[in-house]
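Shown below, as structure tokens, is a lone chain in the form predicted alone; questions about how it binds or moves come after it.
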Amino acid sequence: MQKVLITGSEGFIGKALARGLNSAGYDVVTIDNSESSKSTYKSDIKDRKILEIFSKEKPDLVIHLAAQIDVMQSFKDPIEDLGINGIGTLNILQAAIASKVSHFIYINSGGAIYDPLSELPIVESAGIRPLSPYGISKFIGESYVRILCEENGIRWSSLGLSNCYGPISENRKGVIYKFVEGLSRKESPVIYGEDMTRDFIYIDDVIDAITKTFDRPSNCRINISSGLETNILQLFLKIRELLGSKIEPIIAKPRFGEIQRNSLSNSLALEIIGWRPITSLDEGLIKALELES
């Protein structure tokens, strides 16, 4: 059985992925730097001792999830953002190359890197024009992966995720969690633009997509998405109805650096790795809000 190394294993996707791979019998090694980390190794991905971990463990496959993912935070501290998403990725990648991994899977942004004027749903060949330091750093990370993996004959995959969501007891970030939290406190959530849209993909579908790449490296970027454009205001109204609330949202001006509309085509994922999402937004929200009887 393959030995799989996961960075960012204490994050929402990382925890779900590690659970799934352990249950499937994989030899799983995990790296994370969070204070309460229960991973195999607690380490900053920028630390050069990462090389020692790879040298000791000799993983067959790497799934690089660790990242700075907050768009607004990337404006507040673009140097830290670049350090984590650029230098951190390069450090992990160099360690992977030195330990002769067979496949490097990079978890990319499925929205922040593309030209916001692209036709929806956005295909992988669309223009690259990030609006934020976060988008820039994630594209830089992918570029390192592409160039250095190809130079060293390593198979690679870049998975451009749309907005991943899941049970709010585990995923305590993101717009769905913020809406539920606001409603539970009887506070009006803020929506930045009544026309803002996003593409939502349920965690189980994301884990399925990642594992499908194990034996089918894409050697390119593929979008992992629902392919559907969901209005954020309408999403709030749906959640409000499910929770039996009448609280009204606050509509504010769009924030600089945030894309206003987004949905991603997933046709290439079907073609290359045979993946398509199976969880509808309605089904996913019931699971996410933990309303199942």
Ligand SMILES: NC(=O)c1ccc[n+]([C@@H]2O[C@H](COP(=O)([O-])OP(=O)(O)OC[C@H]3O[C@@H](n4cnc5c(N)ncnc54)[C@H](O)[C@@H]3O)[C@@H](O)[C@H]2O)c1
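For every residue, the number given is its place in the sequence shown, counted from 1. Treat the numbers as computed from the prediction; the structure is a model and nothing was measured.
The protein also exists as the form predicted in complex with the named molecule; that form is not presented, and the subsequent description refers to it.
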Location of the named molecule contact in the predicted complex, chosen stretch of 161 to 169, 115 to 123, 185 to 193, 144 to 152 [non-hydrogen atom, 4.5 Å]: 161 to 169
In the predicted complex, residue 275 touching the named molecule (heavy atom, 4.5 Å): no
Partner contact for residue 134 in the predicted complex: the named molecule, 4.5 angstroms, heavy atom: yes
Interface membership of residue 40, the named molecule in the predicted complex, 4.5 Å heavy atom rule: no
Interface membership of residue 14, the named molecule in the predicted complex, 4.5 Å heavy atom rule: yes
Three-residue site 32, 66 and 109 fully in contact with the named molecule in the predicted complex at 4.5 Å by heavy atom: yes
Position in contact with the named molecule when the complex is considered in the predicted complex, options 258, 44, 57, 229, heavy atoms within 4.5 Å: 44
Listed residue (209, 71, 176, 84) with a non-hydrogen atom within 4.5 angstroms of the named molecule in the predicted complex: 84
